[in-house]
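In structure tokens, one chain follows: the form predicted alone.
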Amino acid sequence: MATAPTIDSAALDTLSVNTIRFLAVDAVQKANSGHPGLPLGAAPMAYALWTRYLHHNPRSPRWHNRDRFILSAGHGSMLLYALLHLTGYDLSLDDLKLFRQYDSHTPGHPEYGEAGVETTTGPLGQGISNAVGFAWAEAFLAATFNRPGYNVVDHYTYVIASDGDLMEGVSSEASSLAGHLKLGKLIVLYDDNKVMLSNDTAAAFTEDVKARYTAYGWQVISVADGNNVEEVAQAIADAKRDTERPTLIDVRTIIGFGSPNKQGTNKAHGEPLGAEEVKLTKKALGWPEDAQFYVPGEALEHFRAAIDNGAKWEAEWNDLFKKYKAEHPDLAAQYEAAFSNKLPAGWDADLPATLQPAGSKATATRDANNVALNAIAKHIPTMIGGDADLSGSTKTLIAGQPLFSATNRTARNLQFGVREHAMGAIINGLTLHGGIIKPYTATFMPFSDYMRPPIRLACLMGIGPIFIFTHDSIGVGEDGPTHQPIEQLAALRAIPHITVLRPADANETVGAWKAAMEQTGPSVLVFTRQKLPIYAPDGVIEGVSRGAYIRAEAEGGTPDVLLLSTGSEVSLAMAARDELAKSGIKARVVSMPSWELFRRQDKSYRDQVLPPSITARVAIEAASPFGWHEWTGAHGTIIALDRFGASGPYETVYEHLGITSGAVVSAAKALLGK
């Protein structure tokens, strides 16, 4: 255990706060890049939280019952890195000296996967919105697993957020939902410094933030002096006493505090102070002017008490869980399975290899999606998900389950309301928290644009939520071009590390769900509203898992032409194949539900499905043609859309926009000179 400090507590507080400040200032100055203003101003509030309230274990960063800390104002990353180093995480002083350098452990904005970093933050508003997901996960898991005397899930989610976070619309959506759900273990410290990067906040942001959060149903507490550690500490204590409401602590700070020529101005926000100003700032705050990356021994000893405290807290929890396991063995086994981050044995036991036989009644893939989802969810008790007020259309309700609410925290159906921006960010938080296996969201395909930032961040982090999009094409029909996605498929496919699956019928939908569940990264499932014909199920599950497969072989020998498609347009390719056969043209139909999975196959399989020697290729998809040349080659033809859709019965829209089997037949004949 650490020995008692040799200076009084107030002096130790000041010394420790300044240690945080100048580790940040020195790192930014050495990199000649970064944001020194936030760490200088927000260090006291971060210090109060980390040394007096934050339950964590630096030597066991993924301890299940730790408090979660999210620096939503990710531009101030050196604040977090300084805290992680000082409290004993696997982040050395040398790592701080490599701030913002290539392949370092201290990138410009916090990145998930580095020691002690809970989520990737940078795009403002995402971190605080992720935090709602963390708090939501804690509430669900606590209600699911805790029993009298055994609060095995019992922790807080803390956030430091900036003015910019609260300006972004995504945080408004998420905060509104957090208040509605009474997520009382969410505490946000608002770095209210009245300065943006380019100007004072008064130039663009004069609303009453405290009144807004009060209206959301939050407890709001004000701290007049952000340099007063005791005042901040008291505010956090008051916040924790109200478990019925999330809390916003409005902490009035001074950006770039201590910098004689830059504090309180936007000049302290997004650029190094400069060598001379660094010296002046150190002098103003009583710090050795020429010392760089200086960590006083008494401050380090004080911070490193987190190691012993964390070990004690985790040991106490382990002892509690051991007793819990003895008294509630089934629940404990379920808990351990949930936090293993692995699919449980038998998760796909009820997932049918054939959902519908060939030639059976046409079915919309959104309807087949509901069958597959429920077959999986019945075997994974902590698989939860929801929609943006569209469950009747997306077909994504878990059967027999009510909606999660402030009074029913074990329910597995989540209602996000019409809040796609927040829905994506929250689902990332649910995933990152741990214990929630494959959470999912659902909305209409054109509104994937609203969710692109969190989808991109999920890909960047390599986490595995499932994003479901229905109403996938001009097949939406009468709703018209605002609701008919065109460029969205290409836009989603362009994101690195994503897996997009657009199945062609009910049986491919089962395969798509199975493939999505088996991905370690994020998956996108794209389903139709209109009904689609059912084809032979043989080999479909394996074919979908490989991204593309021979849906129907050419009759009578080597194909003359390859017909490539995804989703609802596979049926057009199948009809074209039959029509071409009447003219003696042998056509192979290749269903390509996932380009990404197909790319991951070995070359021999790809060449088997798409023989390089067959250059006559026609692709058809009711979306942008962007990207299809990868599969059609320079000599192929792409039948797609370079315009927006139209309102009318979907069959009529397809016909007028040229997405037809006849167009495929004509294109194939033209390629073959017939």
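These numbers come from a predicted model, not from an experiment. In case it trips you up, residue 1 is the first one in the sequence shown, and so on.
We do not show the form predicted in complex with a further copy of the same chain, though everything after this point is about it.
Heavy atoms within 4.5 Å of a further copy of the same chain in the model of the complex are found in exactly one of 374-382, 358-366, 285-293, 495-503, that being 495-503. The closest heavy atom approach of residue 518 to a further copy of the same chain in the model of the complex falls outside 4.5 Å.
For residue 408, no non-hydrogen atom is located within 4.5 Å of a further copy of the same chain in the model of the complex, even though that partner is not displayed. Contact between residue 485 and a further copy of the same chain in the model of the complex is found at the 4.5 Å heavy atom cutoff. Proximity of residue 585 to a further copy of the same chain in the model of the complex falls outside the 4.5 Å heavy atom cutoff. Contact annotation for the candidate site: 352, 533 and 601 all lie away from a further copy of the same chain in the model of the complex (no heavy atom within 4.5 Å).
Of the candidates 272, 481, 88, 344, 481 is the one whose heavy atoms come within 4.5 Å of a further copy of the same chain in the model of the complex; the others do not. Note on contacts: among 313, 447, 150, 339, the single residue with a heavy atom within 4.5 Å of a further copy of the same chain in the model of the complex is 447. Contacts of stretch 94-112 with a further copy of the same chain in the model of the complex, defined by any heavy atom lying within 4.5 Å, are made by 100, 101, 102, 103, 107, 108, 109, 111, listed in sequence order.
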